[in-house]
Every structure is written in structure tokens, then in C-alpha cells.
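One chain is shown next in C-alpha cells, namely the form predicted alone.
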């Protein structure tokens, strides 16, 4: 009779899982939260691909025997000059380089065995290469000539032409109205043009005022004849950037102030807590409107900055509570015994252990920032015209509601509802995934 074979304990059959591996495994079990995360990714892809899907510039323009590529040039030097467009156009190139890097890394590792350290290194190098490759289209050292400004002429009376050198492709700005010029193309001369799927400029005005959805304008037009679909796609860039940039600013401020109050305690905690309570006493939305009203030349970055500077109080109180709880743990006492300074203990030891509730709060805060930006645009305090935003379209719908312009209310309103809903659902799923009591 053979001896029974030793059973391998279940814990030793697979590799050890980190905390975030456990969180991700629990998060994937929540189907609603996982779908919400996919929808958020789709919204980012649509915002990044907005000029490829809906833009008034063609991919290829051939006229009088000369061929140009206006849309690829726009992707590396947006005519608007807005940093939001540069950022999302960079995301567009990342959607091309990251999948290519993932494919190359997977093929290089196929059929071979690597340690976890080597595999992580390969993936890190591949993703870093993708990030750097996304910058390459924007690089193009060159120069262009422009007329001298009055100030330059006053300093040097003989100066008429100024040569400007640029490392990036800003010298390729193109303001031509290609939609209006396509009627001048002649097939006899061999002229042609290839436009995006929706050949409409989100900023270009036409004579099709308040037209309902049709084959020409899929979601109709606004009160200046601008295509609603094109403006919604480009407006998604504003809402997403405001949500994440403003919340990023608020998160940095909240972590810093809340961490100092929770770690040093005593009179520092009392002073900071009273300051937080004073800031909370002011109605945030009206405070934002008041601040923006005093800005003469308003831009979308003023909106981001104001929302970020006024939305940190709740996060600061949350971080303070986490630091108060963690500052008495044994690993913190051990760090102090080893001679670590206060800043190192706060940001190297305590903060990583306090990030779980912070990330959940950030997910909900992004939804709140999107709502705030939409409300400001609805009231006319958001991004200055003609910048496309969802709130501005709803404001037009309110003005023309008695003219039957229902598409100006329903479509952007649905996008705001969808964005806020998926952020909240993803935040709920993340909160449940981080709760050990919810794991099964």
C-alpha cells in the first residue's frame, strides 16, 4: 500500500498577491463598476479621437497639383492653440503607440520564461517607449517669419520682419476654411479632398441655424449653425480635462494640508482645522462664480484652477483622519526610531497606506467637477466662447426651447448624465473593492 502523497497548501500553489491585485480582482467581480470603467475609457478615446471623427480639416487636400495634409498637421499644431487640444491630441497618438508597444512586448515574451522582475522591466520599458514615441509627431524644429510688433519696431525702427524659431510644430498653424473652399476643387484638374467621418468644424458658423438631426448634421446644429455632434465631441475634452486637472489640484492641496494637520497634531492641527471650517462655510459654487467674475480674460484654465483651489476641503479632512489613525502605528514608530524625518515619514510611509480612501474620494470628486464645469458653462461663467462645452449647448437649448430645439438639451444633457453616473459607479465599485469585508 503506497503512502499518501503530501498535499501542497493552497497558499503555495500560486504567486502571492499584492494589495492592489486583490482590489482589482474584487473590482472585476462588480460588473456594473467594470462596465463604468470601460465607458470612462471610451469617453477618453472619443475625446482623443475627436478631430479624427469630426473636424473641418481634411486628411488630404490636393489642389492645382499640390498635395497637403491639413488634419495631420492640426493634430501636431492645433489652430486654437489651447493646451487642452495639445494634451488630447497627444492622447490620440498614445492610442496608437501603446497598443503597438503592448503587442511588441507580448511577442518578445512569447514562449519564454522570465522572472517577475524581468517581466516588469520589459513592460515598463515598452510603455516608456510608447510614451516617448507619442511625443515624436510634435517635434519638428523650424522657423517662420512674422511681422514685427509695435513694441519691437519702437525698440528697433529698422526691424520689419522677425524670424521665430520653434522646437515644436507650432509654426504649422493653419486657419484656412477648407469646408468653404471645397467648392473650388475641380475634378478636371485632378483636385480632391478626404475629410473625416463628420466633415464639420466645431467652431465654424454656417447658415444652417437650429437645424434638427439629419443626414447632414447627425445631431443637428446650434443657433450659429455649428454642428452639435462636432461640438459635443470636442466639448468632451473640456469636461474631462476640467474634471481631472481640477481634481488633481484639489487632491495635491488636500493631501498636503490634511497630512500636515494629521501628522503634527497639536496647535498645527487646531489652526488648520479651523481654517478648513472657515473655507467650508462659503458656498463653493457661488465662491467660484465670484472669483471667475473678477477675471477679465477668462480661459478654461482659470476654471480648472478655481475649482481646484476651492474643492480641497473635504479631501483634506479625510486625509487628516487617516494620518491621525496611521501616525500611531508600529511602522511609523519604527521609522522615527531609525531617524527618518517628518517629510519622509509622511510621504514615504504614511501616505501610501492612506491612499485607498483618497482614491475613492477622487473618483466622486471628478464627477462633481464635471457637474460644476457644466453648471458654470450653463450660466456663462465657464470657458469663453466659442469654446465648445456641454453646459454651453444646454444653455442654448434653454434659450431656444420654445423653438423646438430639443436636441440642444437632450444630447449634451445625456452626456453629462452618463459621465457623472459612470464616475460615481466606478467610485462605488472601488470603495467596495477596497473594503475587506466585501471580499468573497
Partner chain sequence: MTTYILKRLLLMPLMVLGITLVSFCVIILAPGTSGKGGGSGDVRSGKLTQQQLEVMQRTFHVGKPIYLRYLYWLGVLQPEATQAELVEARRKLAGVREQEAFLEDRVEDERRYRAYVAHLDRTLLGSRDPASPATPDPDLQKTIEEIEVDARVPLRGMLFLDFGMSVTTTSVSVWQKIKEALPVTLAMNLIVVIVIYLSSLPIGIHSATHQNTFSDKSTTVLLFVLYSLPSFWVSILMIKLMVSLPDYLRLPFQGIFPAGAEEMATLPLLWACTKHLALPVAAQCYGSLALLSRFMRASMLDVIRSDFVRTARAKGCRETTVIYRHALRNSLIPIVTLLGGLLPGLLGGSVIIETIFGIPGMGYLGYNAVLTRDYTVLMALFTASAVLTLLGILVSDILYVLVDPRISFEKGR
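Model, not experiment: these values are computed from the prediction. Numbering follows the first chain given and starts at 1.
One more form of this protein, predicted together with the partner chain, exists but is not displayed; see below.
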All of 293, 374 and 402 with a heavy atom within 4.5 Å of the partner chain in the predicted complex: yes
Since the chain is shown here on its own, which stretch among 39-47, 394-402, 54-62, 23-31 would lie within 4.5 Å of the partner chain in the predicted complex, judged by heavy atoms? 394-402
Does any part of residue 406 reach within 4.5 Å of the partner chain in the predicted complex? Heavy atoms only, please. yes
My question is simply whether residue 281 lines the interface with the partner chain in the predicted complex - judged by any non-hydrogen atom within 4.5 Å. yes
May I ask you to check whether residue 268 falls inside a 4.5 Å heavy atom distance of the partner chain in the predicted complex? no
Interface membership of residue 287, the partner chain in the predicted complex, 4.5 Å heavy atom rule: yes
Which one of 120, 274, 216, 348 is close to the partner chain in the predicted complex, taking close to mean a heavy atom within 4.5 Å? 274
For the heavy atom contacts within 4.5 Å of the partner chain in the predicted complex, list the residues of 412-430 involved, in sequence order. 413, 414, 416, 417, 420, 421, 424, 425, 428
